[in-house]
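Quick setup: one chain, the form predicted on its own, written in structure tokens, and binding and motion questions come after.
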């Protein structure tokens, strides 16, 4: 399986080399070397293991997914190194892990100086990671003869079990066709809205994957004078944060699925509510803190005092954080102390289960809150059988316990993560922001890692720690942590 993933990754690298040839950016040779080396190693692994049984059970599924992500990230760093775009292996691995996990955190200071083919490869890592390396593998190469359910379960371990088709390979294909189609549609719309072809394709890949890598140093703020571009990206960020199963049914004309899905209702209402709150504060913020806004006005003079621009940037940044996309149209960390805390909390939300976003996900939050209130009722009626209901269906106690365990683990890892960053000499606010952003796969954080800064300031070990948190968050904790338990390795 690792051999196939390397062949797959190398093929995408060679496609990036074609981009280099088209733009004559001078990076083709380095990317070709990276692609050929990756495919060579992949071919050797495939050949050496061709006689082995291709049976993957649940335990092997977790191992393959985790090792697959690490393998892809290690090999995916080669184009950066071979082209001298990012000579340091630590930085190159960080950028690659951030890409595949769709975190969008970057160590690059001058993105626009990089060859276009390297920028395209950077966006490609997002796009591949968005719907999952393993899901893509079982969708396009069923001739491996592997039962894909174990891999799919490890890839998307959330509580949602919706499937479009009884066969997992057909489900993966439908999801990927939808994913590809939405990417194409967004790229076309962004082109008509004023972006160049290259920028439109790269931002579409980053949006649908909820990644956030941009081709501009200022991210989407580069197009602050073109509102239509930001509205298009906002719409597709919302779509990317929606369960792809619902989006598939919507494409089939079954829009009623949205109305009957409880998670979508809460997701939609939360986005609307937080956007209105942010709009009101941003619109009036110039009067609240003149000293802070003068700097911001220089960079984004159109944000303040105008209702449309206040709403647009509020909507954009709420969606960028809650869907963990991480695009930036303004520095939301200086809008007001209240919004700073609100956006920090939003980093834990995530969007819908079955989407490409990171974070805890709304379905878990809803079930936890419902169960919390029902515990009060159970206290009064201890003998009553009171079940949590979600979308008019009862939720088993096993799922509730799984969600509670996930949330507890998430908080424990957040605390440990912040402690490690602080132990490395990073200040309090930056440590909290780096942990929440890395674990939630958001990208921009707080303190020294605000939206106008990047992760290049972190010491080397902090970058490796951040990359590990990204992997934990992207694979939703259990898939990675279970490998470190002794009973995972026991035969019985």
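Numbering follows the first chain given and starts at 1. Please read all numbers here as calculations on a predicted model, not as lab measurements.
Just so you know, the form predicted in complex with a further copy of the same chain exists too; it's not on screen, but the next bit is about it.
- Scanning 478, 468, 23, 15 against a further copy of the same chain in the predicted complex with a 4.5 Å heavy atom cut-off leaves one residue, 478.
- With the partner omitted here, the residue from 228, 412, 384, 184 that has a non-hydrogen atom within 4.5 angstroms of a further copy of the same chain in the predicted complex is 412.
- Residues with any non-hydrogen atom within 4.5 angstroms of a further copy of the same chain in the predicted complex fall in just one of 401-409, 122-130, 79-87, 321-329: 401-409.
- Contact annotation for residue 375: at least one heavy atom lies within 4.5 Å of a further copy of the same chain in the predicted complex.
- Looking at residue 397, you'd find a heavy atom of it within 4.5 angstroms of a further copy of the same chain in the predicted complex.
- With a 4.5 Å cutoff on heavy atoms, residue 62 counts as touching a further copy of the same chain in the predicted complex.
- Taking non-hydrogen atoms only, residue 36 never approaches a further copy of the same chain to within 4.5 angstroms in the predicted complex.
- Of the residues in 325-355, those that come within 4.5 Å of a further copy of the same chain in the predicted complex through at least one heavy atom are, in sequence order, 337, 338, 340, 341, 342, 344, 345.
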